[in-house]
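Form predicted alone, single chain, as structure tokens, below.
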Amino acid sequence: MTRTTLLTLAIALLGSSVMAQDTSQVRDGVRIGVDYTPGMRPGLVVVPGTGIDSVRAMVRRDLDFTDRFEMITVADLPSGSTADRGSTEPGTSGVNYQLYKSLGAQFAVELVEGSGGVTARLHDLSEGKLQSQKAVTLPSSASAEFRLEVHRLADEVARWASGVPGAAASRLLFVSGGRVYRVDSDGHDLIPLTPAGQTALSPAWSPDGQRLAYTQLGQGRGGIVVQTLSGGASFVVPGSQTALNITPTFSPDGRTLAFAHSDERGTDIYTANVIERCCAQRLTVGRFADNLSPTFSPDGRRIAFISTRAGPPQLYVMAANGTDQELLAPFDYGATGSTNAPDWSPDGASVVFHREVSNSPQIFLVDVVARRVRQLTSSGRNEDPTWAPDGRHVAFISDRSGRRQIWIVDVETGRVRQLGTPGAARLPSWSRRLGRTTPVLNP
């Protein structure tokens, strides 16, 4: 593939489009009077109360989005009303165990406003006891940290109830109108990160959430830029100053950036040390084939990537130093076509990617050990998948709503929901969970 052809491909990435086995779209939850099937997932209710309405709504929504609970919602009622009276446990604040248990709930989440913050309590209704509680200090609702702190609390409640934290305290990058934007996992707090008037693509998060990398296109070429979120300082990655460079990705330790570099010799995967800003190294040898879209395994020892060495683009894997290159996802000649945009799961067990089926991209998973391929979507156009830090959800681009938007699928149940953005979206990238030490770019 010539550099001109790859540039065309890069620009096409900005205009590429994207439905899932799509068993159901997200609902507001299970409401009193609406039939549901308890027992499939533990029923969970966020107890009504007064005050901190925005916190209660965020926690309820975050717990719903984990897809680990059968959400039971009731209208918010004043504390002390009929719904709050009944069988309670000593030392609790009066949660009506009998009522919520009769509605199919196994857990009740109670949020109580306190001085400068909130106390979260998880009641195990089946065991009839208060299981866990935690008091947190919340910054001002006007602070950039407020929403993240509430998301972290919701993730902790999810861990109490299921043993696995949620992914609410994370964010996504995506491209719209040539700019890179950042948005919370629930679709709120949309913020542009790159200047208007420039053309950017292929954004990627650093593991610590403090930096992003992306391609900045201009004059028929594109360098890889690494930019800090606090202050916006940036530099061009060594080895990417010339020609066209796309699809950057960070290693799990954040020291290395892998990317595809295209020049007269072909398109190959390079790595560079972005801490010392040196040491560009080529891992593949093009020679009549193109290699691009690298993604590191969670232990940093392997890289999955796309190559055209056998014809149409397909998914390969190699050691992080470029050795031991082999096919990862089996070919399916005649049934499917080109494969693109791989992303390695946080647990290392699978790689998600999109592959052409009847001239339409669909989302697939491949089991890394067994090499079995499973199709996640089946109708519409679906592409550019990216894993949530919980290893259970995948964000991707779909045009099912009439324009290209970010959609999220639960890979265990097929349940999907839309993450709405004002304009068309491209090329999403999901961060890891963001800790309290992570700098935040103020709006």
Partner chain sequence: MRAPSLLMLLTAAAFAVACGGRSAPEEPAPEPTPAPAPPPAPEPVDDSAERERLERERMAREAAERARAISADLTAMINFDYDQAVVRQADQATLDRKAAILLANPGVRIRISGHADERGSDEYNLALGNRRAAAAKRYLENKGIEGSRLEVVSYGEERPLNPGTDETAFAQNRRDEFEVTAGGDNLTAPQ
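Residue numbers count along the first chain shown, from 1. Owing to the predicted nature of the structure, the values given are computational and were not obtained by experimental measurement.
Same protein, other form: the form predicted in complex with the partner chain, not shown, and the subject of what follows.
Here is the short version: of T308, Q133, Q210, Q325, the single residue with a heavy atom within 4.5 Å of the partner chain in the predicted complex is T308. Only one of the listed residues (R417, R60, R392, R381) places a non-hydrogen atom within 4.5 angstroms of the partner chain in the predicted complex, and that residue is R381. Comment: 265-273 is the region of 120-128, 265-273, 278-286, 362-370 lying near the partner chain in the predicted complex, near meaning a non-hydrogen atom within 4.5 Å. Though the partner is left out of this view, G220 does reach within 4.5 Å of the partner chain in the predicted complex, counting heavy atoms only.
Using a 4.5 angstroms limit between non-hydrogen atoms, S240 is distant from the partner chain in the predicted complex. Looking at S185, you'd find every heavy atom of it more than 4.5 angstroms from the partner chain in the predicted complex. Among residues of the shown chain, D290 is one whose heavy atoms approach the partner chain to within 4.5 Å in the predicted complex. For a residue to qualify, one of its non-hydrogen atoms must sit within 4.5 Å of the partner chain in the predicted complex; all three of S338, H354 and R404 qualify.
Shown without its partner, the chain has R404, R426, L427 in segment 398-431 as residues with a non-hydrogen atom within 4.5 angstroms of the partner chain in the predicted complex.
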